[in-house]
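Consider the single chain below, provided in structure tokens and representing the form predicted on its own.
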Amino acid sequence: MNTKELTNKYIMNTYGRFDLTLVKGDGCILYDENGKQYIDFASGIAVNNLGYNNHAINEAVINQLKKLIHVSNYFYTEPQALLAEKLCKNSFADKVFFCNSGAESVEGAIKLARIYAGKFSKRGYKIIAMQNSFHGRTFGALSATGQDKYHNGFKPLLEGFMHVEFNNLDLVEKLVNGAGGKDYCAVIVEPVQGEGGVNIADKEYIKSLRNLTAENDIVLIFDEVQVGLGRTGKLFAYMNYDVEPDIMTLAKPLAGGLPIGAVLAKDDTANAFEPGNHASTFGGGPLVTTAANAFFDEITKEGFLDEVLKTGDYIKSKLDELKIDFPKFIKDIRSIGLISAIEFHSLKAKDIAVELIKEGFLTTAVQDKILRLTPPLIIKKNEIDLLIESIVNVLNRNYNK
């Protein structure tokens, strides 16, 4: 049996896979089993921010592989300590907890917010989350997620989550200031809703949310699993808003493609945790943190994020032109840094994604009519031009008749 047949026979049916088997990558290019090249505008769902076969990450991982892959967190390891230092010194945070994924980082953030409430703020256990959000698929993260399609078949979810409209401060204020307002201990929000369709939070909304939560000793959690670590052109997405959260979750790109997650927090919040409150067997292991150190060093090199901002401006300008040229197909363009959405009036995003695979481009469909672009942060302007040309070809060939 070939790879596709083996997968279908032995792996649980949880993914709507494209009919494509990938075998290697280099830079922004992926190759299938027949040697065909694809320019990647998906990055493994915003994971491969430095593309593929990155020399710095590869060399660091190979060297560490020869020394130590895993040791329990009852002991100290240098790669973990160094990574924690880098994350804290380059962000608002004072402390880090390491885990293995975005969903786990959200679980850790929820637990930290609730134990902080029990020990310090003396508020209740409820958490305000946003409609159209996505925080992961474990039960706590799933309960925080504000999309019914992910809930179907898994109810009852965990109680204590109230979902309100994204970008609507009035609804958060009504909960916090209304009867039962003391029941709420935290607000969790994505500065950019990636899975929700690249919905970008307004600056005044985020600033007002920060003021409201600070005034009431409510923990503010930013979920930056998808948009942190350079994706928006800033090292962290919160830096676009001139505010700081109490807790931030990170994961996807942090270890260059190896599984890692992180919960970052200020001391006032982090101090709620004591030994035994939370743990992770594999969290922050020496191999993944070595990869993460190499990744972090690369994206914090002088000028790197400036180039991401320039490239982000370029792709937005090209997408805006595309909307002008195809108004009957394209409803909206949303973009910040190197995460963008093309929202169609009626065309199915997955159909467009399939056609683009034929053209040699990988993208992701989110929601029903939204095509998301999250290329590696090293994507070049000529590669963006080729994608735009192919989207034009797809629209003209299949729909513009």
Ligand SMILES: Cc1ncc(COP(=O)(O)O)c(C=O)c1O
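Just so it is clear, the model here is predicted, and its values are computed rather than measured. Numbering starts at 1 and follows the sequence shown.
Beyond what is shown, the protein has a form predicted in complex with the ligand; the following relates to that form.
From the list 299 to 307, 100 to 108, 263 to 271, 72 to 80, the contact stretch for the ligand in the predicted complex under a 4.5 Å heavy atom rule is 100 to 108. Contact annotation: Gly256 falls outside 4.5 Å of the ligand in the predicted complex, judged by heavy atom distances. When contacts are judged by a 4.5 Å heavy atom cut-off, Phe134 counts as touching the ligand in the predicted complex. Interface residue remark: Val225 is counted as part of the site for the ligand in the predicted complex, having a heavy atom within 4.5 Å. Contact check for Glu195: a heavy atom falls within 4.5 Å of the ligand in the predicted complex. Taking the ligand as it sits in the predicted complex, the stretch 242 to 266 comes within 4.5 angstroms of it through a non-hydrogen atom at just one residue, Lys252.
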